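As structure tokens, one chain now follows by itself in the form predicted alone.
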């Protein structure tokens, strides 16, 4: 078996209560690495077109990669892949916590859960004993994710759902420790199988090609991260909450259901405010991560708990016009405990508030008023009253009640917290990303509107090339499985220290904007490993990887996801943005929104797709995508 892999896939059938350990397919590992890539390949091959996402034939696939189980910073994450009940297309999410480490210690690269139990069940996987137990989970059903994990104990590594997953809320997630695989409703699929929890343990060790070299190089990378202005300074001090004031200053902070990009009370939900008023004691991090982006805050009646991250602060703060960090922290705690994605939750709540404001929904919710939100979050998780409608997300609500033009989603997945009218490449990325309106499937906004070097976010230069490179890279990162923050370190410290008003800065930004052909050529070179992702992968597996290799593998995964979506009925018509984003301006010097129609044809062409957004046979053959 290739080094870095445990070499085993565990099959679990909840209908028959049978299991088997199978050898991992080496060719699939070479082509798709692991994580989301390997999971997508399995999902495509094992499902028929039109499979019911909440039916027993839809598999729930937990997948790790060759870096999981190592001491590489930001490497202990797992991917979950399935057909999404929220979008009807590819569903996936990644998560920190300890579950990935538990899987590798148990000697399992991939866990495929199929079928459906008649009664609530949990499974325990003893990797050393090569055994799986199916245990009654009736006593855990209805309990929150925190209590469930506490009852299961700290000696094993768990992935669990809360009441939202049990009740098939379409944006329910899966929780490990304090982290959540939040997007696309993977928790609803787990709930549909009546699977409350998966616990794994073992004592196996990761086998590497060159362990001494890997350890020495990892020590160097940790030093680079600790000295980096984002990873070692702002992220460590403010967490992701430090982004709030940046996006607000650039007018791309979602406010009032994306009606505006600026929130007057942004400071009150920022990382700076949290540090001065609400931060409690030690910050938290995932295993082996030097960044420590997690924050602890205090919630009344609950004590010290995980603090809200940027996306939660924006979607459940400014998007609802709530400038109250304590309230957002409280809602964040409840959402995590109930097992829900706070991005979709905040987007759907904002949409409901605007429906109410327009007289299209009978609700007491109002922008700027926290009254009733806590109770409604509970109702959503339990599908009670109005909560039953919100549990289906903003797209289905708009189809039932109207308001499609301002429902904040792409392909059914609620938009993340970067308004694309001030970040054109990010808008194209939202429109074309296979799982829907998400920021961690590329994160183009970092290079055009949030990071230290901004490629003019509101012109068309490089805006088709950038999302392709970023989406391909993110596919590979999510297959290793690494945290997307590892890519933030690519921009060196020297650029962070440049004066944005200097001629050097302006010259560099201008050169980057005009570097489309060079950009594509450099990314296609298959030379020696340069960045840490490539070097780690090379040192662990013994096979040489470079940026060109990662782009090719990422392109393969992205195109396979695209073929899955096309098979399930999603087409170019779904590569779209809400009418509000396309036509309503948020800048005083513009009369419209995002120029998607000008960018999409170029994007399709550069992807090697037809004018209808279908990958050509030549493209699929070149990337070795078998469909």
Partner chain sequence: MPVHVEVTYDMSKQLGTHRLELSGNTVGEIVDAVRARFADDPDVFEKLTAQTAVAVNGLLVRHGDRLETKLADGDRVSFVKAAAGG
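Numbering follows the first chain given and starts at 1. Keep in mind it's a predicted model, so treat the numbers as computed, not measured.
Although it is not shown, the form predicted together with the partner chain is what the next lines describe.
Undergrad: Please determine whether residue 242 contacts the partner chain in the model of the complex, using a 4.5 Å cut-off between heavy atoms.
TA: Residue 242 belongs to the contact set for the partner chain.
Undergrad: Just checking whether residue 387 would be counted as a contact of the partner chain in the model of the complex - the rule being heavy atoms within 4.5 angstroms.
TA: The answer is no: residue 387 has no heavy atom within 4.5 Å of the partner chain.
Undergrad: May I ask you to check whether residue 533 falls inside a 4.5 Å heavy atom distance of the partner chain in the model of the complex?
TA: So residue 533 does not count as contacting the partner chain.
Undergrad: Quick one: is residue 248 in contact with the partner chain in the model of the complex, heavy atoms, 4.5 Å cut-off?
TA: Residue-level check for residue 248: yes, a contact with the partner chain.
Undergrad: Which of these residues, 552, 265, 209, 465, gets a heavy atom within 4.5 Å of the partner chain in the model of the complex?
TA: Of the candidates 552, 265, 209, 465, 265 is the one lying within 4.5 Å of the partner chain in the model of the complex.
Undergrad: Select from the listed residues 545, 214, 258, 446 the one whose heavy atoms reach within 4.5 Å of the partner chain in the model of the complex.
TA: Looking at the other structure, the residue within range turns out to be 446.
Undergrad: Among 272-280, 96-104, 120-128, 144-152, which stretch sits within 4.5 Å of the partner chain in the model of the complex, heavy atoms only?
TA: That would be stretch 272-280.
Undergrad: Just to make sure I understand: among 206-245, which residues lie within 4.5 Å of the partner chain in the model of the complex, judging by heavy atoms?
TA: Stretch hits, in order: 230, 234, 235, 237, 238, 240, 242, 243, 245.
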